[in-house]
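One chain follows as structure tokens, the form predicted on its own.
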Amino acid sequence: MQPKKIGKDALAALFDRIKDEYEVYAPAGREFFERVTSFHEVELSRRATAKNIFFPPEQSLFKFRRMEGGYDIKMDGMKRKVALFGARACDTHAINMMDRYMMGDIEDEYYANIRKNCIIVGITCNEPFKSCFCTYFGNFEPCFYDIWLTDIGEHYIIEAGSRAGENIINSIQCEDASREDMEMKMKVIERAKEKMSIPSKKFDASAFSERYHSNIWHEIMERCICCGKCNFACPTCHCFDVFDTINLDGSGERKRKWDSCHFYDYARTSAENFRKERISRVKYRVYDKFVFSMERYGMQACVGCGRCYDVCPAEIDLREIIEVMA
């Protein structure tokens, strides 16, 4: 489908068209995507993490109650048609990574029920944030989308990446983008890339393995308070704990909630806590982003979004670690 362009005042009509068919989630003032019902709630200049839509911070898995001869179990995780409105390119790469974790060897039904019924309406970053370094991993442009928007001044370039996206674009008023429009889009992209602050060294996963006992880990450990905020803000962190709540009548509910590899109890078992030292937890988080994911999937689990730095009370910057380790 040939790229189109729409006036900025037509963006609300695009939103309303999508809202007719999907639950819409967008950046709306907080760190995570939120349910919105009006275009006026959407803050396209804000970035937010979208993993909570497919993988909620706390989620009911099933409810149970005691019956004669056994238990009655009611599964949760209903299928829903969802649209992410205002996703960034790094979000698409993060979702791509989460798909590996949650729909790879074993498919997580709760994640898949929403993920498989989701469309992505993304937007190009005209101005990178201070903590962004997505270009370091080649993640500035999306790896997939249904509709993609690029602000070129008075208009948005609007492009379809799927049949669903085409159908939506064809249902609203827009015009073909000219060659000049597309040239302006490329200028916007190049200007944004030039503003990005990225590590000077080329990434080398093997170097991390070679420097496992580097003194840098002691330096980071002294700063890190293992609060877990980086794990929760990260769009690819996916650890969770499972627990039951049980009532006196034998009924109850099984839930899962986000967990953090930085937490002291994360690796505690009935036999021992095999990551009780803070340095080992600090190392694990970084190696899981840059080494273990490469070994298993051939791609980094870090997308260069910088959200971990944004929330870190110790201002630990992965770019600094890469500079020393890579």
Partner chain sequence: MSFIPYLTKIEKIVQECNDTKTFWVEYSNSFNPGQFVEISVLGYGEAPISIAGGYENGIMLSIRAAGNVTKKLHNMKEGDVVGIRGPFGKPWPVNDVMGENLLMIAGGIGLAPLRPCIMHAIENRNDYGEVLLLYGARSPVQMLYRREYEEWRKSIDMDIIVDRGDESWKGKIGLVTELMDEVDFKGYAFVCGPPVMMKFVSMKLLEMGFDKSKIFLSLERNMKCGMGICGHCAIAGKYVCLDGPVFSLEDAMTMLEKPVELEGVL
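The model shown is predicted, which means the values in this text are computed figures rather than measured ones. Positions refer to the first chain, counted from 1.
Unshown form predicted together with the partner chain; subsequent notes refer to it.
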| property | result |
| --- | --- |
| Segment assignment from 178 to 186, 250 to 258, 125 to 133, 88 to 96: heavy atom within 4.5 Å of the partner chain in the model of the complex | 250 to 258 |
| Listed residue (145, 140, 217, 101) with a non-hydrogen atom within 4.5 angstroms of the partner chain in the model of the complex | 101 |
| Among the candidates 155, 238, 115, 229, the residue which, in the model of the complex, approaches the partner chain to within 4.5 Å (heavy atoms) | 238 |
| Heavy atom distance at most 4.5 Å to the partner chain in the model of the complex, all of 193, 204 and 309 | no |
| Residue 61, heavy atom within 4.5 angstroms of the partner chain in the model of the complex | yes |
| Contact of residue 44 with the partner chain in the model of the complex (heavy atom, 4.5 Å) | no |
| Contact label in the model of the complex: residue 209 to the partner chain, heavy atom within 4.5 Å | yes |
| The partner chain contact at residue 78 in the model of the complex, heavy atom, 4.5 Å | no |
| Residues in 257 to 275 close to the partner chain in the model of the complex, defined by a heavy atom within 4.5 Å, in order | 259, 265, 266, 267, 268, 269, 270, 271, 272, 274, 275 |
